[in-house]
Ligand SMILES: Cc1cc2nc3c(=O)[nH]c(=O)nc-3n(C[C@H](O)[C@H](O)[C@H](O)COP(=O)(O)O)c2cc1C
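Here we start with a single chain on its own, the form predicted alone, put down as structure tokens.
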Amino acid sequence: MITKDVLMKIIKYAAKAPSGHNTQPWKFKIGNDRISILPDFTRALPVVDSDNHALYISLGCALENLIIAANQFDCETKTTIHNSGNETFIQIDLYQSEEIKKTDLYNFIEKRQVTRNKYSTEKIQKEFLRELFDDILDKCLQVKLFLSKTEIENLTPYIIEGSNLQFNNKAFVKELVSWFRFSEKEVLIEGDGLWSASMGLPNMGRCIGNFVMKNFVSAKSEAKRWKKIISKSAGFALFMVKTNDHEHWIKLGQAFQRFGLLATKMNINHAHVNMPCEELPVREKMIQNYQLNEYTPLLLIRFGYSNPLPYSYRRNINEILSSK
């Protein structure tokens, strides 16, 4: 039997996965040689992620970390996705094996981060791009790359339109601000959310932070900020699913996490630019204008070279264990 100590170590690595607004919307349940990953809907984002696709993508990211970590601790894995009404959960059975094939991506689970600063315009070498994206291609998943100046310029209006729709939506701004952590003290207490330092912003406290967000952040200011960020990116990757359901959202999360770990290994930074995918009218325009046909775009990721920022925090492991 695999010891509880090993299972807890595996869960610790799984919880290093990314999630929307760093909500960490998961619970882990330990059984005999088994770990289940359960959605935690108390940490859902009903405004920006009304169908919970981003939530399940996050569970897929956690699953990929879990599998890599389990292999490192000499455990083979068998994954089963269970559907129970409107809720889907992931069951991972573990089997001890000394001949398991391990990957060095384990070494980059704790080093990976979403880096939200400006990037260098230095292009990524073609052999790096092949390694980054060839590994994740699947019949049910696809990635569309935007690499040239023209491709990125043509993509920009979709990003700006999505941003405008969101920052003109008071409910979106309220939800976003609720997950901001404006000081190190606040993020130490909560262990989650978007820490201002991780976004290249100074610590300012919630009172001042709320004032700044209310009086100085607008659709216009965000559009201006995004145009600068877009111009300082080496490229963009649009992750898509062929079937828009829980199972494929999880698979997309696994693929995205492998991309993130590979990018970290190559010292390539990445960050989410999901607004065009989150706003349905903009998503539909992208599907039509880019002739994506049966594929649904769910993640838009920018990548390039930049300096690291302070790491976001994670909750205490006891807070993410399920007692069900």
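Note that residue numbering follows the sequence shown and begins at 1. These numbers come from a predicted model, not from an experiment.
Although not depicted, the form predicted together with the ligand is the subject of the following passage.
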{"query": "In the model of the complex, the residue from 36, 296, 274, 264 that sits within 4.5 Å of the ligand by heavy atoms", "finding": "274"}
{"query": "In the model of the complex, residue 306 touching the ligand (heavy atom, 4.5 Å)", "finding": "no"}
{"query": "Contact test in the model of the complex: residue 65 vs the ligand, heavy atoms, 4.5 Å", "finding": "no"}
{"query": "Contact label in the model of the complex: residue 113 to the ligand, heavy atom within 4.5 Å", "finding": "yes"}
{"query": "Residue contact check: residue 92 to the ligand in the model of the complex, 4.5 Å heavy atom", "finding": "no"}
{"query": "Heavy atom contact within 4.5 Å of the ligand in the model of the complex, the stretch among 53-61, 66-74, 280-288, 36-44", "finding": "53-61"}
{"query": "In the model of the complex, residues of 293-324 near the ligand [heavy atom within 4.5 Å]", "finding": "299, 312, 314"}
